[in-house]
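First, one chain by itself: the form predicted on its own, in structure tokens.
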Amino acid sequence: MIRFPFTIILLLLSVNGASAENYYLQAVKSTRPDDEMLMKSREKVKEYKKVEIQDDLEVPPFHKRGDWETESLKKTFCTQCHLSPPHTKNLRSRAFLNMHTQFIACETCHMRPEGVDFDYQWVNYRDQSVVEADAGLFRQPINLQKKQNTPDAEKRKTDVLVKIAPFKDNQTAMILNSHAFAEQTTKIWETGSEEERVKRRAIIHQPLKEKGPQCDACHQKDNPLLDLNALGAEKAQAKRILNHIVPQFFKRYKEDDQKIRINSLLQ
């Protein structure tokens, strides 16, 4: 029996861990879609119509599409098919949800497998490297009285390619559109048969939920989805996020067709 030194064993374990696929890819590649999944996927594939966004659609100086939409969302795997920005259906909340895409990964809200716990960290979308937690990464002032961050924090804040993403086993539980699997998916969608597109759509959506969590999953004090302190938020920042007035406003809606006057937001 060959006995390896302990340091070599640790090296082998680290190499194997580094080469292992992340949670999302593992879930996708282990999926064996049943008839119900394929039927639903087939309906979606037949309904799909590509929407072209007009780059020059703006009315200056106010109604102008921000550069963050193309710079940030074009790197996500999801926007190979979904619109950028992606939230369009709910007239009441879509603007607020689309604002979140500037600093929240799609998978943070839409990857909610039962019995699986994720850690959440800041990720640079240029190379999926981990970004050290810092209060300046949040899109709000650290010092509310001064209404501004420090110059260094302000510079970091404007980097829309840094977002909060899910982690599992010390790896990001997501892929970008530059990944080989994402490129293969694009090729299947463009040149594959209908059955290939149906199956691919079924497996890439299996680990995901169509609807994300309600606003108060994060914006509440007792058990928020995101650990804001671990993400670098200052105490005052975390308090403002957890007690944000907009989620409290939305909780007043009891019915989908209920209308509330905007001045009630101030109550």
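Owing to the predicted nature of the structure, the values given are computational and were not obtained by experimental measurement. A residue's number is simply how far along the shown sequence it sits, counting from 1.
Form predicted in complex with a small molecule: not shown, discussed below.
Practice item. Consider the chain as shown here, without its partner, and state which of Ser129, Ser178, Thr191, Asn90 has a heavy atom within 4.5 Å of the small molecule in the predicted bound form. Key: If I apply the 4.5 Å criterion carefully, the residue I get is Asn90.
Point to revise | Single option in Gln171, Gln80, Asn124, Gln121 placed near the small molecule in the predicted bound form, where near means a heavy atom within 4.5 Å | key: Partner contact (heavy atom, 4.5 Å) among the options: Gln80.
Check your understanding: Among Arg139, Ile204 and His244, does every residue place a heavy atom within 4.5 Å of the small molecule in the predicted bound form?
Key -> The answer is yes: all three residues contact the partner (heavy atom, 4.5 Å cut-off).
Practice item. Check whether Phe167 has any heavy atom within 4.5 Å of a heavy atom of the small molecule in the predicted bound form, and answer yes or no. Key: No, Phe167 stays farther than 4.5 Å from the small molecule in the predicted bound form.
Check your understanding: Does any heavy atom of Ile104 come within 4.5 Å of a heavy atom of the small molecule in the predicted bound form?
Key -> It does: once the small molecule is placed as it appears in the predicted bound form, Ile104 has a heavy atom within 4.5 Å of it.
Review point. Does the small molecule get within 4.5 angstroms of any non-hydrogen atom of Pro33 in the predicted bound form?
Key: No, Pro33 stays farther than 4.5 Å from the small molecule in the predicted bound form.
Review point. Heavy atoms within 4.5 Å of the small molecule in the predicted bound form: does His219 have any?
Key: So His219 counts as contacting the small molecule.
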